[in-house]
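As structure tokens, the next two blocks hold two forms of the same chain, structure 1 and structure 2.
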Structure 1
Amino acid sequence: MSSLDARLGVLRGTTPPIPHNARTLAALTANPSCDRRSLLDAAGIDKDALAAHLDLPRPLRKSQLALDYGIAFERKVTAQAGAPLVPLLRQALGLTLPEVSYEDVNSVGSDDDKSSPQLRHARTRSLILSAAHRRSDPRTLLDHPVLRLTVAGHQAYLEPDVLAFQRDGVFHVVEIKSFPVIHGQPDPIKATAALTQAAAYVLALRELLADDGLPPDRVSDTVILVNPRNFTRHPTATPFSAHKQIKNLSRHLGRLRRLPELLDKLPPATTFDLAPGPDQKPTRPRNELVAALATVRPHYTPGCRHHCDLAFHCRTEARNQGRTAALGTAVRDDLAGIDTIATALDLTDGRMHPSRDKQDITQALRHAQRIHADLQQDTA
């Protein structure tokens, strides 16, 4: 075990690490400036368990009905060895030849049980490299392949819905999502989230090919989203560029390499261990856990409530400290360089003299105060 692994193990405590998946990696990019999130995720700490111990509200989850609908839609698209998917990809990718080989990587060496990620990854790697080195092969669909991506020095297993291989040697990632495309336009927030997940698969596939000496352009930046068309259950496939999402995720994965720097800032023996008892219930005093969390700098934004289990803790913390982030992203960005509400008010009222880099924002605050005072007089 490396010294970095040992230090992250101290943070995690006695529980096993939670492995990364595409959703957790996508959530990383939503707030890349949060040191707290970076450390917790790198250590594989169960943030939901922390939130439950602190008695926090949780982000909204998909209902079981929505999950069941998504599974049913995916099965419909990949039924009969991917037969419904082939004409969709043919249209989206401009394919002309009819032959397509199909491989279900859910089970390797067994027709009944889902094989281990390690075994499925080995099979996926064999199939992809075989196809990559023999471009004359018919185009190949891999159903639920398993890829690996290096995250903070560790291997995370990822499972895309489908990998489509073209005869000219370019791979495409295909994501099957149950949210609809209405008149050719998906929900932009959901589409961006789907593309960010797909970006993790693109990077993992490029990593696999790079290990065999193949260039990254063998994996396309274009991701194919397969969704229900309008308000029906009929699928439609739409190509989207994931270049921005791939770039953002690559940058954040690079930031995780500075973990030693973040760990060096922590007080000795800092841990987020919940100290589960014989019944597996946490015994760690809540005030100790809160104090441990306070040793790592957060970067709260209102958007954290949609993807982070600790968002409500960080929001309360920001409010108690009077931080501008508690007022929303727009206010925080407008007051760039001013971290607390008290500082903003002191600059506005003249109780604090602005430094050179804060003179412009101080003038803007005082101008806003004059407008507010004039409006109050007009309505008096």
Structure 2
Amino acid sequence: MSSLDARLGVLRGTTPPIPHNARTLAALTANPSCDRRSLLDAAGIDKDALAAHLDLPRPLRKSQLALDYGIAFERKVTAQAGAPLVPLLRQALGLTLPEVSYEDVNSVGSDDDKSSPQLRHARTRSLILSAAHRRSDPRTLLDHPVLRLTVAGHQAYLEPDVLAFQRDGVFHVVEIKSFPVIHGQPDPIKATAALTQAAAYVLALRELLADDGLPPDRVSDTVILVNPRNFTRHPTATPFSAHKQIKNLSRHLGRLRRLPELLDKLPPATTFDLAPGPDQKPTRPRNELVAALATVRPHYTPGCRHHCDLAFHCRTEARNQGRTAALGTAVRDDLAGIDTIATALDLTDGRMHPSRDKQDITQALRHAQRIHADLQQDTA
């Protein structure tokens, strides 16, 4: 075990690390400036458990109805050895008929539902490499392959929905998503999130091929999203360029290497251990946990609730400290350089003298204040 791992292990305590998946990797790009989150994620700490122990609302809780709907749609698309999927991909990718063959990597080596990720990864690897080197008939569609991506020095197993391989030697990542594409257009936020997840698969696939000396362009930047069409449950396949998301994600994965710096800043003996008792219930005193969180710098925005379990903790903290960021990015950007509301208002009302670098912004604040005062007089 590396010393980095040992240090992260101390932060996490006794529970095993939460493995990364494409969703958590995608979330890394949502708020990369947040040290708090980077550290907790790198250490594989269960943020949801943390939030639950702190008695916080859990903004990322999943709706069972949404999950059921998603599973039903995916089943429909991949039923009968991908029969509904094949014509869609044939059209979206220009596959020709004889190329299509289908392999489900879900159950390798046993009749059980799922084999271990290691085993399925090995099977995926051999299928992909033999297709890439044309050693066998290309398996054109791989259902639920298992890929591996190195994240901060660790292997994360990732499970794309489908990989498609073309005769011209290029792989495509295919993601099945249950949000609709209405008149050819998906919800842009959901589409971006899906493409960011797909970017993780593209990177993992490139890593696999690179190990075997194959160039990255054997995996296309173009990702196929399969969604319900309009208001139906019929699937439609749309190609999207994930170029931006791939670049973004690989940059953020690179940044995870600055972890040692973050760790060096922590007071000795900092830990986020929930100290589960014999009944698995956390026993860690809450105030200790809150104090431990306070040692790592957050970067709160109201958007945190869409991607981070700790959103309500960080919001309370930002509000208690009177941070401008709690009022949204418009206010925060307007006041660039001033972190707290109290400072901003003290400068506005002349209770505080601006330092040289705050002179312009102070003038702007006082200008806004003057205009507001005029307005009050007019309407009074």
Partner chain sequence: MIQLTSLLRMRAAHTGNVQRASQLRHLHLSDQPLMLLALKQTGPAARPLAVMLGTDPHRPRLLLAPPSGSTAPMLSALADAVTAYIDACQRHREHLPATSNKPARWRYTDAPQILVPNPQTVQHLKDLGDDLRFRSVDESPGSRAVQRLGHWLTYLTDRADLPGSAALIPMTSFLGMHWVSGQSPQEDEDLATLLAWIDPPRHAASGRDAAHTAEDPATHRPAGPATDAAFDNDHLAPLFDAYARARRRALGLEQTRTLQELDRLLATYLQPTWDLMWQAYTLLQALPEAKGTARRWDHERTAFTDECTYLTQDGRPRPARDNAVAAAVRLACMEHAAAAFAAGRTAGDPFVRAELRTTGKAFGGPVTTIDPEHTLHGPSGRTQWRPRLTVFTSDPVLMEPGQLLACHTHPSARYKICEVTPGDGDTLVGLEITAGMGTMDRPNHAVLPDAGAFLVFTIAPAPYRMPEFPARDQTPWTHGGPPAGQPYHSDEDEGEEEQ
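Here, residue number means position along structure 1's sequence, counting from 1. Everything quoted here is computed from the prediction, not taken from an experiment. The term rigid core refers to the maximal set of C-alpha atoms that superpose within 1.5 Å between the two forms.
The first of the two standalone chains is derived from the form predicted on its own.
Note on conformational change between the two structures: the chain splits into two rigid parts whose relative rotation, smaller against larger from C-alpha fits, is 11 degrees.
After superposition on the rigid core, the Cα atom of residue 362 is displaced by 3.3 Å between the two structures.
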